[in-house]
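Only one chain is given next, in structure tokens, and it is the form predicted alone.
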Amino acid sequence: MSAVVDERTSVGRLGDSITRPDGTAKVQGSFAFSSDLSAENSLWGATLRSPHPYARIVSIDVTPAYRISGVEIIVTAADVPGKATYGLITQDQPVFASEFVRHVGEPVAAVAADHPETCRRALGAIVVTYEVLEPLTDPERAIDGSHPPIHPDGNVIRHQRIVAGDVDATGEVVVEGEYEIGMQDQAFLGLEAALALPDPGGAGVELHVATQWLHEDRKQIAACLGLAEDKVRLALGGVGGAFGAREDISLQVHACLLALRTGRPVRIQYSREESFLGHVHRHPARIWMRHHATADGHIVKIEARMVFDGGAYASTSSAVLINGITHTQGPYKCANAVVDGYAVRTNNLPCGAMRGFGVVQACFAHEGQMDKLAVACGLDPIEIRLLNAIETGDRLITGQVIENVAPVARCIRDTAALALPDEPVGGHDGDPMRLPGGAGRTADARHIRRGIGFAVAMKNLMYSEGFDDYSTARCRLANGVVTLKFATSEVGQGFVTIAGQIARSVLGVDDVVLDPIDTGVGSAGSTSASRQTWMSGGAVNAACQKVLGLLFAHVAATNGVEAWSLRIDGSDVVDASGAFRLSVVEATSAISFDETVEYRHKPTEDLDENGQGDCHTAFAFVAHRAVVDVDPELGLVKVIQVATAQDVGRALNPLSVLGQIEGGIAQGLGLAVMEEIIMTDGRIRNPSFTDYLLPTFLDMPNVVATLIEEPDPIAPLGAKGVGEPPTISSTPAIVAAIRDAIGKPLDRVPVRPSDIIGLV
């Protein structure tokens, strides 16, 4: 279907394009984000951070800070009452550094005071004596052992091989390349913020926080505080974007600890510079890849080596690595492969989840290879991809068979069929804003070269490698009103809209109320991995279906009809003959139905020593075509159009899907030509939006989209997650278009002006 949508109603059912319930408040500025929260008699909290990438802590003296009026409490590692470390997969990250600091910005102490300025003065008064050590900043030194271990668990977080088919297979055509991906920040606009409210007597604590995973946060917080989990309650604060950076905890333990020690509410808010230091980022990676193919372009074997820099602590690096190496082949048939992957610790900033989760890095490499293979075989970029397009029933290099819908060839053809822009360089009216460089009028239309690039991607959905992935939802129906309860973090993806659409479609009601999102119900897992539509949507659907069964049984018993003959027609319960009709409101006027459901997908398994196993659940597919204008003398780029056809399974809310596609392309564009955290000797050089460049509205291309709707029978609603695929292959498509414009290789992102100028 076309992505052209119409806003028909704000109260809609599945398939309708309805607006978000929080949309108006966000546009008007009245929406309460986490940073807007406050409480009577509250204190402010702040964190003291290491100025060194690697150093031994010799001593910490907090006495001078206590002399400052308004300072209530200062806490260090010695004050952590429970587990000293936390982490999503491996609990290797200290709440506060004790013996060593391992990255610039690592927390050393925290203070609670009566005012943010008092906090700032107190942090400046704490005296920390360091013995500065040589930092490990080169991932290769982490692998070869030439640098001593920087962590008790060693420098290598995980090494995984994939060996498939005939390792000695060769092809008549061989192409290879080395690719590099820079460190990208999630750059959410709503900074980290939390409000911790202690229980009387310090028996427990309630935390209001912007997060992606309430229950995982609670588990780690409770362990560090030495409290039972039921003594730690979390409520979702307003989230101003996430993109993976809120999957790891940051200020959560600090805020709760300060609140418990003072017996007063504590607010903590990060500045932009502190945010760059306080959350994980996209893994920078170096990838070598070699493709063997027949003379006519069929892939025979792929060899690859991938190195992911995880920074100082593990976070989700082991899982990011597995996503990367298991997507080495991309959405293409390949029987034979030898892949080595490493995730390592360094004294660079910690890295973890970000939209695309390892597949972004792999896709940039395999799509660069496909373009090289096309040239070597005398084919165009579309032909080589169609020739090798994977299909349902094909086997991956891990041995896993793709069971869900895989319309790769259709993604490619539908993208290629979308109209190219008809505007000349600079637009029809010569608008300088349509030129590379924009309002500065630094580019001259006579010097601009236009290029077209193509890229295709596949992305696994949900969690992998045997993780117990489930989501919980509760549905209550009374007096014709549905009340839904779930812990699904709404981070901007629109689940608060989809949940209501599901309930209205299943139960035939218009009035749907969403209870506050908190830990008062079972876990919904993380809002990541393109999983919430599938998992939490599946949970809401299952809970509503169980309530529907109870409703039918009640109507049958009280009205003398057969339960099996009943169905929902609009807002009525109707039997098969059509002779019986009763509104849902009437049917529930004197009784309520309440069901809670845990939804799980099919089990997955760990990879073995050769990288074999059914480690993923399902996959989504997408293709992108980019049109760019390049000034080769100034190294400037303007992305004119990005066209895409995306496999969505079923568009539950086309308006929301289109928003996800446009937002994902914006982040893919950022990685392609501007976004990168610059590190020198373990120190970040650009921790602000002055120097860390982000795409603005003026940088965005015209996005032309087609939604491929082939409902997936494996998915509970036929729908696949849509948030990550737009980011993955939009980056290599844009870079391929730049290559096409200047006729030179570009094997690193983001592409810098100096890369273009130096190659011309």
Partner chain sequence: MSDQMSDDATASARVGWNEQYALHVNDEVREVRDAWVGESLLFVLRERLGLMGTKGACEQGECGSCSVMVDGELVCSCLVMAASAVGQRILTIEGIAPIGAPSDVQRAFVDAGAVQCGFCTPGLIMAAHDLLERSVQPSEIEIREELSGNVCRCTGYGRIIEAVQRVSVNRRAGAST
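Since we're looking at a predicted model, the values are computed, not measured. Residue numbers count along the first chain shown, from 1.
The same protein has a further form, the form predicted in complex with the partner chain, not shown here; the description that follows concerns it.
**Q** Flag residue 593 as yes or no: does it have a non-hydrogen atom within 4.5 angstroms of any non-hydrogen atom of the partner chain in the predicted bound form?
**A** Result no; residue 593 lies far from the partner chain in the predicted bound form.
**Q** Taking the partner chain as it sits in the predicted bound form, is residue 186 near enough to touch it, meaning that at least one heavy atom pair lies within 4.5 angstroms?
**A** Answer yes; at least one heavy atom of residue 186 falls within 4.5 Å of the partner chain in the predicted bound form.
**Q** Considering only heavy atoms, tell me if residue 23 and the partner chain come within 4.5 Å of each other in the predicted bound form.
**A** Yes, residue 23 lies within 4.5 Å of the partner chain in the predicted bound form.
**Q** Consider residue 690 of the chain shown here, and say whether it contacts the partner chain in the predicted bound form, taking contact as heavy atoms within 4.5 Å.
**A** Yes, residue 690 is a contact residue.
**Q** Work out which of 86, 463, 213, 243 lies within 4.5 Å of the partner chain in the predicted bound form, going by heavy atoms.
**A** Answer to the contact question: 243.
**Q** Would you mind picking the one in 62, 714, 57, 694 that has a heavy atom within 4.5 Å of the partner chain in the predicted bound form?
**A** Contact check passes for 694.
**Q** Within 4.5 Å of the partner chain in the predicted bound form, counting heavy atoms only, one of 411-419, 489-497, 577-585, 533-541 shows up; tell me which.
**A** Contact-bearing stretch, as computed: 489-497.
**Q** Whether 272, 434 and 658 jointly form a contact site for the partner chain in the predicted bound form is the question; each needs a heavy atom within 4.5 Å.
**A** Spot residues vs the partner chain: full contact, yes.
**Q** What residues of 23-41, in sequence order, lie within 4.5 Å of the partner chain in the predicted bound form by heavy atom?
**A** The stretch 23-41, when checked against the partner chain in the predicted bound form, contributes 23, 24, 26, 27, 28, 29, 30, 31, 33, 35, 36 at the 4.5 Å heavy-atom cut-off.
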